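What follows is a single chain, given as structure tokens, in the form predicted alone.
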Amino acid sequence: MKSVVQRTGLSPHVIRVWEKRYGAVAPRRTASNRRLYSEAEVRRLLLLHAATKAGHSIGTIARLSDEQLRALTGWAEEPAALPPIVNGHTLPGDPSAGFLARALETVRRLDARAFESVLLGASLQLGCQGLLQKLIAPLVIKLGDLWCSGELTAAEEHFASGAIRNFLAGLSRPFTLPENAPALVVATPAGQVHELGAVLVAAAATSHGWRVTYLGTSLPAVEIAGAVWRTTARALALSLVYPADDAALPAELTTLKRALPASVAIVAGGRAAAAYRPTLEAIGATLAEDLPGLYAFLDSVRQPDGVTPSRS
């Protein structure tokens, strides 16, 4: 199962649902009842993943033939040429650098269709986690660097933000979460005007099995806290990208902490987060420097199924 998850970008839960509820694949079982997937079944899961990301319901396509799925997704050939993935890295030759260069080029042209095509190709070849960690995360950093240096216009930055947000929203649709999945609120505090980091966090947490409420940019502390209370969220993720010298932000973060339920854990990240480290430490927030750091935080605060955190 672990290898299939890495190859397809689907979560174990989604794969099992597609198998049991829809009969999409029928893996063999070992004597110890572990699933064994053939290469053909992995390719079929890739096709189904591509089709669901294109907007097709798994219930209507699960029993289609591979030929019909290829026609539906526009894949002219079998996806057998995808390089194997070992521990999240493609072998031989990692194509993520090529995807990054093409993504930047399409942003420069404001070519929405070409940009989406790059993201789709990367998701199919790298898988969901590979897309997030090896393309989207470096792309977010690069776009931020270019914007700060004046080499990227505001229009180009906003174009990229919107396109990435829309694509990742579609990418998250196949993740069928249980009703008792832990809840996370993702937001940027008042004065923080860039949302790419928050969009990335929302997608990463969803793929990690969290039910995410995404609030967008520059929200007052009381609004963020209100959303946490209403969604009974277990954790709050804050994206701090720009500016790094907002004199009003420490007080805003302190107000936010006071307004939150005592049991809610806070994680903060982004290129400007380190500049506010003293305040983040004072409110008990965890500083996540990258996606593995975010995943470690989410794992550390995740409660067993059915356990509801205290709201005192």
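The structure displayed is predicted, hence computed values, not measured ones. Only the largest set of C-alpha atoms that superpose within 1.5 Å between the two forms is called the rigid core. In this text, residue numbers run from 1 along the sequence as written.
Here the subject shifts to the form predicted together with the DNA, a form of this protein not shown in this document.
Checking R277, R63, R258, R34 for any heavy atom within 4.5 Å of the DNA in the predicted bound form turns up a single hit: R34. Distance criterion of 4.5 Å from any heavy atom to the DNA in the predicted bound form singles out I58 from the list L69, I58, V42, A265. Contact annotation: Y295 falls outside 4.5 Å of the DNA in the predicted bound form, judged by heavy atom distances. For the chain shown alone, A24 is not a contact residue for the DNA in the predicted bound form, no non-hydrogen atom being within 4.5 angstroms. Of the heavy atoms in V17, some are within 4.5 Å of the DNA in the predicted bound form.
Using a 4.5 Å heavy atom cutoff, none of K142, H158 and R165 lies near the DNA in the predicted bound form. No residues of 183 to 197 lie near the DNA in the predicted bound form, the criterion being any heavy atom within 4.5 Å. Superposed on the core, the two forms barely differ at R277: its CA moves less than 2 Å between this form and the one not shown. In a rigid-core overlay of the protein, Y22 has its C-alpha displaced by at least 2 Å between this form and the one not shown. Remark: with the core as the superposition reference, the CA shift of G293 between this form and the one not shown stays below 2 Å.
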